[in-house]
Each structure stands twice: as structure tokens, then as C-alpha cells.
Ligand code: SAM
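Starting off, we have a lone chain in the form predicted alone, written out as C-alpha cells.
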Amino acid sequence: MSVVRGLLDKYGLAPKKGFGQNFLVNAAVPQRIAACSRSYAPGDRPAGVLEIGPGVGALTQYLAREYDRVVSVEIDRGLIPLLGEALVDYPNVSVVEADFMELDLPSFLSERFGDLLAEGGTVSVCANLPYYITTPVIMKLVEGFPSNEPLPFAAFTVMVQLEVARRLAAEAGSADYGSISASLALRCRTEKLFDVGPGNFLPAPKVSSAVVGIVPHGGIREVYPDAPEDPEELGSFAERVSGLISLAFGQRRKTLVNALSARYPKDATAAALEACGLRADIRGERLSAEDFCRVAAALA
């Protein structure tokens, strides 16, 4: 706490609500997050990590000890000089002043990690994400690359609001299961790693947090092996499945037959559900990512 306060005071800064800034002040937490992040990356190859929102560098310094290369993207211009001081002993860290949501992610990845990837290395993502932008950041990481290809990351290890962590890792049929749960499952497996209490931050948030690990798998064909093999057809199929998920959870209390009625005739949806061995009155919240794929194929 004293170190973080001292740095902020030195540069005349304070946590900004507009950027959702809650800085870690318990060193054990970022150390554990960094170790969890590195555990997903192969140990016998060069490894880099993209950090989103380094803040005062509490997590960054531990990432620098775990990874060969750290690229941290910080939107708050006022923190750049502070980070220069806090990270002076870590030459493998570079801080980029930018809005992550405005980045062309494939180009940025190629520019910052292209040589490492060419050597057979891997890139992970690690972040203490502001609550207000958690879902957009995660979906940008997932949707910023073609849906007919595996994601180019070893894993995402992110700290988010506890309620969101539960949704990210929820299974079909559970109370926390939602659109983002199903959408993520099409391309990744997600696990909640550990909880983090409010007292570990400055300022202390009003809710608890949790760290989740999101590990990309082989893509939609791993979820549904009968998906098209042709890359173009596979891309179209993935878009149809994503569309079904959006419709299903846009009106989640409606049955799937009714929720999809704006795009598909009710009798067609009912027939597709029957072909998949699903009840005609089932709601979308009961369907797994594989089920959504099966229904999309049946409707096609």
C-alpha cells in the first residue's frame, strides 16, 4: 500500500474512476496471477505475454520474471512516466500507450511478437481488467481473429469481478450460464482459478474479484467434429452458431422456438430441436456450445 501510494503521490496521480482503476497493493496476488499465467505456456519454448492495463506495474514486474517478453498496453497517459520508473529494472518489458479496444489486434500481435512466434514461441494475455470493460475486452480477444482458425494465444489469465468470473466459467443449465459462457465455449475452455477480496486493491472495490484462466482449444470443430471442413464454409457455420446464441440469450426467458422466431420459422426450429433429441419447449440457457452447433446444422 505504501509503495503504491508513494508512486501515485510522486507523480501527482490518483486512481481514476473513468478508467475503472483499482490498483493491486498485495504483492502475493499479482505474483500468483503471473505464475498461473505462465503455467499455461509451454516451458520449452520462448514465451511472451500481452498485458492489458498495467496500472502501476504491480502485475507487470512478476510477468517480467516469468516471461521472455512483456508488452503492456496502457490507456492512461499519466501513468506512462510512473511505469518507466517502476519497471526500470525489467528490460524485457515495453509499455505502449494506447486504447486496447482501438488496436488492430492481428497487426499488433505480428508487430510486437511476430519474431517470437516465428521461432515457435507462444503469446499469452494477462490482465487485471476494469469491471466496466471486461466483456468487450475478452470478446475482442476471441472475435479479433477468424472464427475458422484456432486463436493464436496460449491462454488468457484475467482478473474480473467475481460475478463475471462465474458467468465466464458457467456450464449449460446453471444459473450463471449466459451468452458469453456459450460463445467462449465455442473456442475456449474456461476455469475459475481463485478469488481475490476487495482489501487487495487501492481503492477497495465494493465487490469481490476472481482470476480465471481461458485456454483456447482447436476451434469449433473440436466442439462439433461434424462442422464443415472447408475454411470458408466453417466460417459461415461459426457465424450462424454465434447468431443462434445471440438470439437465444437476447430473450432468454423465452423458449428457443420463440426466441429464434425472428429469423427462423417456428416449425423449422421445432423440427431441428426434435432432430437433435431436444425438447420443443427448451430454452437456450439449457443448450451447451455443442448443442447450439447441432441445432445450427439441423436448421441449415
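Note that the structure is a prediction, hence the values are computed from the model and not measured. Note that residue numbering follows the sequence shown and begins at 1.
The protein also exists as the form predicted together with S-adenosylmethionine (SAM); that form is not presented, and the subsequent description refers to it.
**Q** Check for me: heavy atom within 4.5 Å of S-adenosylmethionine (SAM) in the predicted complex, for each of Ala238, Phe249 and Glu285, yes or no.
**A** The answer is no: none of the three residues contacts the partner (heavy atom, 4.5 Å cut-off).
**Q** When S-adenosylmethionine (SAM) is placed as it is in the predicted complex, which of 230 to 238, 35 to 43, 267 to 275, 22 to 30 ends up with heavy atoms within 4.5 Å of it?
**A** Contact-bearing stretch, as computed: 22 to 30.
**Q** Please identify the residue among Ser209, Ser124, Asn128, Ser181 with any heavy atom within 4.5 Å of S-adenosylmethionine (SAM) in the predicted complex.
**A** Residue within 4.5 Å of the partner: Asn128.
**Q** Could you check which residue among Phe145, Phe100, Tyr224, Phe113 gets a heavy atom within 4.5 Å of S-adenosylmethionine (SAM) in the predicted complex?
**A** Residue within 4.5 Å of the partner: Phe100.
**Q** Is there a non-hydrogen atom of Gly55 within 4.5 angstroms of a non-hydrogen atom of S-adenosylmethionine (SAM) in the predicted complex?
**A** Although S-adenosylmethionine (SAM) is absent here, Gly55 would touch it in the predicted complex, with heavy atoms inside 4.5 Å.
**Q** Check whether Tyr132 has any heavy atom within 4.5 Å of a heavy atom of S-adenosylmethionine (SAM) in the predicted complex, and answer yes or no.
**A** Because a heavy atom of Tyr132 falls inside 4.5 Å of S-adenosylmethionine (SAM) in the predicted complex, the answer is yes.
**Q** Counting only non-hydrogen atoms and a 4.5 angstroms cut-off, does Leu141 reach S-adenosylmethionine (SAM) in the predicted complex?
**A** Flag for Leu141 set to no.
**Q** Does any heavy atom of Ala86 come within 4.5 Å of a heavy atom of S-adenosylmethionine (SAM) in the predicted complex?
**A** No, Ala86 sits far enough from S-adenosylmethionine (SAM) in the predicted complex that none of its heavy atoms falls within 4.5 Å.
**Q** Can you name the residues of 62 to 83 that have a non-hydrogen atom within 4.5 angstroms of S-adenosylmethionine (SAM) in the predicted complex?
**A** If the 4.5 Å heavy-atom criterion is applied to S-adenosylmethionine (SAM) in the predicted complex, 62 to 83 yields Val73, Glu74, Ile75, Asp76, Leu79.
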